[in-house]
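Just one chain follows, in the form predicted on its own, and it is written as structure tokens.
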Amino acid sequence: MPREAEPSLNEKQFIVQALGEKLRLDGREFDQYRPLELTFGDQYGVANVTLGKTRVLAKVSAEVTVPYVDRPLDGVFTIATELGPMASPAFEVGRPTETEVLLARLLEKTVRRSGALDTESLCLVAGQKCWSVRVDVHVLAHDGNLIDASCFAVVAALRHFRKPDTSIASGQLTVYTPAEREPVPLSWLHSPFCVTWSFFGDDGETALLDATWAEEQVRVSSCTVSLNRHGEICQIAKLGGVPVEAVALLQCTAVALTKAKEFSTFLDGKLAEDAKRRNKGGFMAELSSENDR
């Protein structure tokens, strides 16, 4: 399996020494994110997220299928991640790395298991037909903090998505095209976001938010907190590394709540802008023959 070129010993020492002097290579504060950008595609359910030089694309699709036997009243909801050579030379198609497996598990816990999407609303005919909603996450560029960027992209794409409207008459299911009926949004309960901290130093006494790829190579531990704007924690993942003091973890969680509120406000604004851009004035405006001159 190809390996990505690691920072040299001098580069690692430089980063650690700079952090010891309360400095980051890009001049950010320790609790500051890189510039976050979000754009939606022409189709519903396509979100392109850029966090610094990290770029993630999420696309939502839906189809009618048969529900699981043990959950006949629920729809199907899956998240699939893809890290290819375009994101980093260390990734290969069809050979998932540890990074890809951990990313998929964290997204699964944060979005699916937290009940953010109401899967019961995806049921069409109990035990026979339901909607299967799938989110494909494509990492286009990897410069650190894939978890936060991917989670934001998944939540944004799901909230932006519209599925075809349906009706049932005499046991017959009818799926309408967008021209026949306006597509309907998913039943969304809350918006969880991931906030990842990286710890540096012999005892992990220095905590950084939104570490770049170079900073991730020298960290001694990391912790991902998933929560929504109401302070409801979905999961806390600390995968190995040096132990972190409980007080430090509480401080990180308090800052994570502030960041989750900022993410939620930012996403609401972008969704409102996109809805305004798509609203051409209703059906009467579509029938009009006037052109922009």
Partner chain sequence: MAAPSLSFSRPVFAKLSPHPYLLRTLAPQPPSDAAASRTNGRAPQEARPVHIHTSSLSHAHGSALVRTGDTTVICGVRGEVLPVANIPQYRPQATQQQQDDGDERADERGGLGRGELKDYDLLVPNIELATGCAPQFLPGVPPTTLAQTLSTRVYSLLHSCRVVDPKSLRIWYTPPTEVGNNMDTEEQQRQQEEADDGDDGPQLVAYWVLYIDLLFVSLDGNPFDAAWAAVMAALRDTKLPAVRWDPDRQAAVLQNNSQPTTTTATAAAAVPGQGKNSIKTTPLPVAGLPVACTAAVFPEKKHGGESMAASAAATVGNRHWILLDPDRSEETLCGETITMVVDCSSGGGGGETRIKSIEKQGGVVLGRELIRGFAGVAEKRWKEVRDAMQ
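Positions refer to the first chain, counted from 1. Quantities reported herein were computed from a predicted structural model and do not represent experimental measurements.
Beyond what is shown, the protein has a form predicted in complex with the partner chain; the following relates to that form.
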- Query: Is residue 188 close enough to the partner chain in the predicted complex to count, meaning some heavy atom within 4.5 Å?
  - Reply: no
- Message: Residue-level contact is defined here as any heavy atom of the residue lying within 4.5 Å of the partner chain in the predicted complex; does residue 66 satisfy this criterion?
- Response: yes
- Message: When the contact criterion is heavy atoms within 4.5 Å, does residue 220 count as touching the partner chain in the predicted complex?
- Response: no
- Message: Within 4.5 Å, heavy atoms only: does residue 112 come near the partner chain in the predicted complex?
- Response: no
- Message: By the heavy atom within 4.5 Å rule, which residue out of 126, 101, 184, 173 makes contact with the partner chain in the predicted complex?
- Response: 173
- Message: Heavy atoms within 4.5 Å of the partner chain in the predicted complex: which stretch in 176-184, 115-123, 146-154, 194-202 meets that?
- Response: 176-184
